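Below sits a lone chain in C-alpha cells, taken as the form predicted alone.
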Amino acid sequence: MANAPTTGEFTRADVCAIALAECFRNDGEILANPIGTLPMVGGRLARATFEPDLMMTDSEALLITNDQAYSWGDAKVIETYNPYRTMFDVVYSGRRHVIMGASQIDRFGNQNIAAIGRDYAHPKRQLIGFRGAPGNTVYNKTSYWIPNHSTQVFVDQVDVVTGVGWDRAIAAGPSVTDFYNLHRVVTNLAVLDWETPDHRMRLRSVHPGTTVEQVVALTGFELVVPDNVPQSRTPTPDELTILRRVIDPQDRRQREIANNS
C-alpha cells in the first residue's frame, strides 16, 4: 500500500493509529496524554469518535478542543490552561492515561528511557533520563508506543528501570498495586498486553500483513501467545476520512513507521 492511499485503502500507520485510539476506549472523562506523533493522532481519533469526554493536552501547557493533531497559534481552540502545577495535581489524582515510548521494555512491562548499559554512572548511551516515568506508571493508566518492534527494544532485562513493571509493582505491595494500571503496548507490528495470570506480556493481535512468527522472532523474551491471535482492527471509511481530512491532513503519522506498507 502506498503512503498516499486511495479511497478504501489504509497504511500500517493508519492501523497503528486505530490501535492507539483503542487504548483510550472506555476511559471516559480523564486526561489523555499521548506522547509522540502517532499516539497524539490516535488520541485525537478516540476523542473524535468513541470517547468524546476525553480531555486532550497539546503536550505543552494547554488543553485543546480541536481535533487536528498539530496546530499552532490561532488554530488551537483552547479549553483551559494546564501548567505544570496543575498537571501534577492530575497525575497524583490518577485521572490520566499516558502513552509513553520505550527504548527497552521487558516481559513484565519494566521500561527504560534513561540509558543503555548496566553501569548507569558510565552508560554506553545516554538517553533522556527518568523524566516522569516512575510517577506515571505508579499513579496513572499507562500504555506504550514502540514504532520499531525489535529484540533491541523487547529485551529479557532492561538496563535501567524508569517505568515500573508488574513484577516490581507486586513486590512493592498495595501502595503501588492499588493504583497500578499497565494497559497496552502498540508497535508497528502488533498490540500486546499483560492480561495473563502472572502478568507476563501477551500477544493481543497482529497488524494486517504481519504474522505471529514475525512478532515472536523480533521479541527478545518468550511471549504468551494464545492459540488464536486475531488481526488488529482496521480503520472504517469514516475513521479514514477523519484521519486524513481533520486530524492529520499533513500525513505526519506516515513518517513514524519505516516500513509503512
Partner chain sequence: MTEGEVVARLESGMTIGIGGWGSRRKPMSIIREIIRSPLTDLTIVSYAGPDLGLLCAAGKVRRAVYAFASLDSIALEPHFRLARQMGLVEDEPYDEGMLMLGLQAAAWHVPFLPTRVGLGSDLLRLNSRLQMVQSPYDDGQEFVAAPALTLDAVICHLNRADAGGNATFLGPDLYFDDLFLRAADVNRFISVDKVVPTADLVTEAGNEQRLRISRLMVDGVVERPGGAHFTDNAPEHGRDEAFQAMYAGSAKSPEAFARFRDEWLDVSEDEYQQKVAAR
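Numbering follows the first chain given and starts at 1. Small disclaimer: the values here were computed from a predicted structure and weren't measured.
As for the form predicted in complex with the partner chain, it is not shown, yet the points below apply to it.
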* Sole residue of Leu189, Ile105, Ile99, Val138 within 4.5 Å of the partner chain in the predicted bound form, by heavy atom -> Val138
* Could you work out which of Arg95, His149, His183, Arg168 is the residue within 4.5 angstroms of the partner chain in the predicted bound form, going by heavy atoms? => Arg168
* Asked: Does the 4.5 Å heavy atom contact test between Gln126 and the partner chain in the predicted bound form come out positive?
  -> yes
* in the predicted bound form, Thr162 touching the partner chain (heavy atom, 4.5 Å) -> yes
* To do: Indicate whether Glu60 is a 4.5 Å heavy atom neighbour of the partner chain in the predicted bound form.
  => yes
* Does Val90 reach the partner chain in the predicted bound form if we count a contact as any heavy atom within 4.5 Å? -> no
